[in-house]
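Read the single chain below, which is given as structure tokens and is the form predicted on its own.
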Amino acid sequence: MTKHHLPATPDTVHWGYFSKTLAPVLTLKSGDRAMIESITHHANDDYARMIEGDRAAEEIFLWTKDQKTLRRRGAGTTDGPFTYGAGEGLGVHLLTGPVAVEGAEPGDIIEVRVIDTWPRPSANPAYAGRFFGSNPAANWGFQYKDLIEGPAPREVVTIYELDMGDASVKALYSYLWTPQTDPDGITHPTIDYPGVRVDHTTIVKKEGILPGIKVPARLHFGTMGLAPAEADFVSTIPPNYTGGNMDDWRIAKGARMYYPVAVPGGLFSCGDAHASQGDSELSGTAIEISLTGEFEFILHKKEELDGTMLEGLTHPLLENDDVWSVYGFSVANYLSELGPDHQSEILKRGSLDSAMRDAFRKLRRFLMTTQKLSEDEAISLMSVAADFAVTQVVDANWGVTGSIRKSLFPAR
């Protein structure tokens, strides 16, 4: 087994999209491990705590009227004039990669084992060694048009600190988003384009929020997956059949994720890391933080899948020591089901009914295929023993996870 290190630099990250057109920044063999750094796309919500002094973050986020290190920040157009900026808001997450697995071909499965995760410390001497993240209650959140206090609607950013001593997070302060003007002269009345630096002279901090409350840490990557085949640039916002922005806190240390390969090499990328998140990711974000993950990559060739739990797998699958989990989406494969305008059409299709239906169908197939249950047996078992959870209601392609405990099958 070879161990690799993939730092986050301007040359190893891409912003707001998965792409089959990207050359891999790391190629490894099945069985290799890689330590992959990620930097949160929300770091500029508090530049002093999450960027200042961190040379890589400073280079990645560099944006002046004369220079923008990462111009493309989405899967949309890069030919101006722009409403928001290059990429036009179709995708927001800052990802590290892609990583290619030697020999991976369409029809294969790539298994990604999450060995461990570590937070990226602040490099600012004023906060050295401490860990910070941001939780915006944003315009794409479930709450945005259902507020009972004023002003409404509103976006509020809450800055949290992660304490690795007791593995908890606590709120430090919050502020109401005020219109921010980027170096290109575009004013952003809402949080509508990634990487805009918040000028803290324009906001008022509210201190002493959530007093006495500590939230258990759940370190995980909200976005992990492979490049799809259907388009050159695919937004990071809606999850799809090759993974992506699934926002499941269970994809953490000890998890083993299985992804169907759509393009040669698979082209794995990860980012959108979280210090903690609840089911639903209600406000539109979790506690967005910078993490480094250690991953092990295993290639399962298509000719070896029959008779295994990966037989017929066309969607992401989670396994850990206790459960298997499938992921239902509002549209199972929106890239192929919604026509040429799939990336805009999916924004209208968020539905928990459809996501639940998809999760049911996927778990039914899994039980019938891997455990050799009849349909009636699978349905009865799901009703009495499976757990269906809302993973997120904010990524356009809403998610429901269906989990079944391994302990139910001791003889199998």
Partner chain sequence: MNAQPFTSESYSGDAGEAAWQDVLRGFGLQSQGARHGSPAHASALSRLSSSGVRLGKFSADAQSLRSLPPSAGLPLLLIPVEHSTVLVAGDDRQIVATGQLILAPRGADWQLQFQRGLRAVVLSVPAEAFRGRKVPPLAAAQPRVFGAEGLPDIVGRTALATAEALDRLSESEWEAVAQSAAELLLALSSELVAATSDPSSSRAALLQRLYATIERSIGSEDISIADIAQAEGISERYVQKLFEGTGESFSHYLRERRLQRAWHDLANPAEAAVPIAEIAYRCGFADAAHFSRLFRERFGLPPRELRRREVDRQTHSAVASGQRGWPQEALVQLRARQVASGPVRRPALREDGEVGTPVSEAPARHYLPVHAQHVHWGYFSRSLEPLIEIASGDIVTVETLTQHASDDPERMIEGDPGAESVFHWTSTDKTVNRRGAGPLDASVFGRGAGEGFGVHICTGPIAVHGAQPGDVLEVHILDIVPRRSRHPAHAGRVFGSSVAAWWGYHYSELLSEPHPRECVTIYEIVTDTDEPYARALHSYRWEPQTDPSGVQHMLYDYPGVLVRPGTVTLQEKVLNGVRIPLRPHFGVIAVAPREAELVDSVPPAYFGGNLDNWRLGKGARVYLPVSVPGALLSVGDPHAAQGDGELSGTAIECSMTGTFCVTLHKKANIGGTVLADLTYPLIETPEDWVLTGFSHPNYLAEFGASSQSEVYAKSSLDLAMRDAFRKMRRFLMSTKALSEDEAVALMSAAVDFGITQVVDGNWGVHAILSKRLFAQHEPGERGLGS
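None of these values were measured; they are calculated from a predicted model. Positions refer to the first chain, counted from 1.
Unshown form predicted in complex with the partner chain; subsequent notes refer to it.
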Among the candidates M382, L26, L70, A56, the residue which, in the model of the complex, approaches the partner chain to within 4.5 Å (heavy atoms): M382
Candidate from G165, G307, P179, G212 lying within 4.5 Å of the partner chain in the model of the complex - any heavy atom: G212
Contact label in the model of the complex: W63 to the partner chain, heavy atom within 4.5 Å: no
Partner contact for M35 in the model of the complex: the partner chain, 4.5 angstroms, heavy atom: no
Touches the partner chain in the model of the complex: K348 (any heavy atom, 4.5 Å): no
Touches the partner chain in the model of the complex: L282 (any heavy atom, 4.5 Å): yes
Heavy atom of each of W118, V234 and V261 within 4.5 Å of the partner chain in the model of the complex: no
Per-stretch contact check against the partner chain in the model of the complex, the hit in 87-95, 138-146, 264-272, 181-189 (non-hydrogen atom, 4.5 angstroms): 138-146
Heavy atom within 4.5 Å of the partner chain in the model of the complex - qualifying residues of 369-393: T369, L373, E375, D376, E377, I379, S380, L381, M382, S383, V384, A385, A386, D387, F388, A389, V390, V393
